[in-house]
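As a starting point, one isolated chain is supplied in structure tokens, in the form predicted on its own.
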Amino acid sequence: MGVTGSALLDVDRIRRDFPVLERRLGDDRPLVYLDNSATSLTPSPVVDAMATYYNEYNANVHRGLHQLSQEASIAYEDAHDAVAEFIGADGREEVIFTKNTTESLNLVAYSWGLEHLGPGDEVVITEMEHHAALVTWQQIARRTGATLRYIGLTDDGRLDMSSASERIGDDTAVVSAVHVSNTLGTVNPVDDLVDMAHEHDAIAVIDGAQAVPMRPVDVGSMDADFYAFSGHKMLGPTGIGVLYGKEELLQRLEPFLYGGSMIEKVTFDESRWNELPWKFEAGTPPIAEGIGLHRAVDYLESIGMDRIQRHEEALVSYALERFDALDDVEVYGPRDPATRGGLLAFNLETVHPHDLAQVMNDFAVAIRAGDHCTQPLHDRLDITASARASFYVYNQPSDIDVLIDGIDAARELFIA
């Protein structure tokens, strides 16, 4: 490995912000956390920021004239501003807090899709989509009579752009694509997909759940119409997601949920909606979670997203190097670390991923095993499941060495 993760980031210092990494599991082994694509760990500064809210100014937002409510409202609004700046949005009006990526994508599908789609329209997605997008658009297409079409993959797990050119046409109303595949690790050319969608007057919806945590994202330069991601995959708390949307589109959309806070005026006969982004945040919002997400953004920016991306690429490069020495392990997705995210899905020959994950647990290594909410993609790969190791800012090459030790142990247990 040419450049180690520790040469790019001060991993030892970063790890001190994550007390859970001090845990020893099983046979007194130190925890090796490699399940970051599912949920990242939460650093102490994020937990502290949320605790400060609960301990010092716990109140609802936009509903009280007392000081605690005013302080909470300002902190919650500041969180929108911080996220907007982090992803290159024009302002808080374009940043809606949801509970996760799934809800963000559903908001677009229900608010935009049910209103604009009908028979003859086509929704184009990729074969590597997470169920959050695939199932959602599948059901919306059935309700509206629209047709769902899929962009195929190349044999090495990349998006087939010739297939994209064939699928995206004058009947296309929506192009929805994952930025970074949570199974293949593929970094898709979303800028090109957005351009192709706009050439045919379609909207572009991007699932950025695996991209925002590990690489710089600028939704303005990308020109995506909607972009969705989650807080819990980027060092933030669970229970909060983000939907970016262009202001002019959000102004025209009907709300997805109705109730308190999202209204400006209500009579017995009609209602008028609140200004953006509150129009789409009905009820008591995720206040503490928004404050925690703000602190997570600050934390990531203090490290530097460019450096995080290079760290991820270095870890993947080292992992691929170690995996290449294993004749009985198949790795899925592109081989070039510069074109994939910080994760590897793989299978050890004749060992089921669930069995492998159990052996890993004995080594205090946390990985994912299953279909990773991409069942159709696994069908496309002709496998029932896979194991997945995913890396983040607190991981180091030695974690990958322990992962390899676990694979060797599983081989000895199940094959020898």
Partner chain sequence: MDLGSDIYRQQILDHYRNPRNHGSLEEPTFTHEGENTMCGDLIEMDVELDDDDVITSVAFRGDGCAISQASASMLTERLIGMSLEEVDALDRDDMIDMLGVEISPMRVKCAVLAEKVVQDGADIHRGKIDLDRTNLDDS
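Residue numbers count along the first chain shown, from 1. What you see is a predicted model, and the numbers here were worked out from it, not measured in a lab.
Same protein, other form: the form predicted in complex with its partner chain, not shown, and the subject of what follows.
Taken together, the three residues 29, 354 and 375 all come within 4.5 Å of its partner chain in the model of the complex, as judged by their closest heavy atom. The candidate stretches are 33 to 41, 357 to 365, 47 to 55, 66 to 74, and the one lying within 4.5 Å of its partner chain in the model of the complex by heavy atoms is 357 to 365. The closest heavy atom approach of residue 60 to its partner chain in the model of the complex falls outside 4.5 Å. Its partner chain is not drawn, but in the model of the complex it has a heavy atom within 4.5 Å of residue 385.
In the model of the complex, no residue of 65 to 94 lies within 4.5 Å of its partner chain by any heavy atom.
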